[in-house]
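In structure tokens, the next block holds one chain alone, the form predicted on its own.
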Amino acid sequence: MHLATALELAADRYPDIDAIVTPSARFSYGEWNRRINSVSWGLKNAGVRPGDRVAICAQNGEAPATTYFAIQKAGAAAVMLNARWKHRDIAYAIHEAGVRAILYDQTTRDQVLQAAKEAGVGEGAGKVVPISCSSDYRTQDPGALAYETLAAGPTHRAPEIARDNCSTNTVLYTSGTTGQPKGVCRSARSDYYSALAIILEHRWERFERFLAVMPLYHTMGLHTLISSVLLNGTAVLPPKPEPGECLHRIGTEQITALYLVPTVYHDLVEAAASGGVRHRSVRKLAFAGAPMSPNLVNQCFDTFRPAIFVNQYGCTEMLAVTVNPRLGPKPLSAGRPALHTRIRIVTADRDRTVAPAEVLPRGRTGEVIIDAASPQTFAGYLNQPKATAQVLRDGWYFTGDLGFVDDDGDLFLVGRIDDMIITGGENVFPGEIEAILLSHPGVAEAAVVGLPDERWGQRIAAFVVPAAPGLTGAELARFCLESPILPRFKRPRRFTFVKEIPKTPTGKVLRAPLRKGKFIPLESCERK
């Protein structure tokens, strides 16, 4: 189903139900659909044609959400750009995607306007139409269209444009933990089936109320919004993603479902504990993007008392891959294949030449691959056929993630192929050691990397954020030594206590800064 059609069906079913709630306005599905129609006509009148690409580079808000669906109704493709990017990255994406227009806000204004200027220079480059959703009309940028002018236009039906479910309607850029971010091309069909999988696996229901705090340029934020539309749910957009403000909105808007990264949950439970707050309206929790420590899992249970709490493993290319709804007995497991998904564990190979048939037995660590026959599968990387061919091979998507399936059939992730440590001729996977460290009650966060070592090739180093003062490297070294499942050669030879683990905005650990010494240390202890 096309996403523009899904929105119209939602407006036909329940036109009076809240669709979008912001600090300053509420829009029912009927009102929001008419507003989306107005913006779609505004895009058309600005020169956007079917098949064009329109970028969104803004913080979460009504304007980006409305513009996303307006782009669908205009027959164009939405290019979702990271609002934290600098102008060089934005210009690269604008040029690569051939962007026709770009929406920006006050937080991204300077970088976007500079990027649009840079991308508009060169042979064959077309002028990029800037669209400002600044609330201050007195400082409207010369040459930019005002979003509110588009939104206030005629509210008649959307442009009569054929809707193709299988062509690219969204481009989401990868997090870029290694190398240049890639544009992931997704169709309306793949996004629709991905949303269905999330709805089923997270057990979301009609009229669910979501805290829309994850950025729309990330798959979690965008597909929460799409899922909300399919369910006639309500997306509540806080003015700022600050813990206190989020807790306030959870209470006043009676939020029923949260889908966040562990870092945000950590901040929420800390803020709730300091204020003595317990939010009983939230009945469904889900997280993705990174592992969650058993201690944080327990804190979430205590703070929200959810009926449902799941860990979802996925990626921009495939979205819902596996889901673990049993966090009590297995808090570190990624669970079992989600709807539409089949996985295998194959021999890990940095040269990426392994065939899908080289399946490993249970308990052996290897690369996670996914059956590309899934309707959730992406259509390839934008303008990068070689990169696409590298990961889509023989009908399977090679994730680059390392993991193993235990005797029960549950998946456990242990890192990325590029993060694999080779020490003394042995392959060591960071996630194995991190899981042990996270089981220690004094550890809030942990990341393991390989550092150069003349004797061993690489030395295993652990970077730890302590849950409370007093934790020592000697204590952690003893804890690893006494572990019944961690071999001696996999024990960290160095423990460094840090203020925080560097991550992407969506919670993925960035190991390169740790390897390069770019961190704020609290204490360091060498294991003898």
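All of these numbers come straight from a predicted model, not from anything done at the bench. Numbering starts at 1 and follows the sequence shown.
The protein also exists as the form predicted in complex with adenosine monophosphate; that form is not presented, and the subsequent description refers to it.
Within 4.5 Å of adenosine monophosphate in the predicted complex, a heavy atom is found for not a single one of His2, Leu7 and Ile71. Contact with adenosine monophosphate in the predicted complex, judged by any heavy atom within 4.5 Å, is made by just one of Gly289, Gly75, Gly233, Gly431: Gly289. The partner is absent here, but in the predicted complex a heavy atom of Arg416, alone among Arg109, Arg416, Arg249, Arg283, sits within 4.5 Å of adenosine monophosphate. Contact annotation for Lys182: none of its heavy atoms lies within 4.5 Å of adenosine monophosphate in the predicted complex. In the predicted complex, none of the heavy atoms of Ile421 sits within 4.5 Å of a heavy atom of adenosine monophosphate. Not displayed here, adenosine monophosphate is kept clear of Arg515 by more than 4.5 Å at the level of heavy atoms in the predicted complex. Heavy atoms of His218 reach within 4.5 Å of adenosine monophosphate in the predicted complex, making it an interface residue.
You can rule out all but one of 388 to 396, 156 to 164, 196 to 204, 306 to 314: in the predicted complex, only 306 to 314 has residues with a heavy atom within 4.5 Å of adenosine monophosphate.
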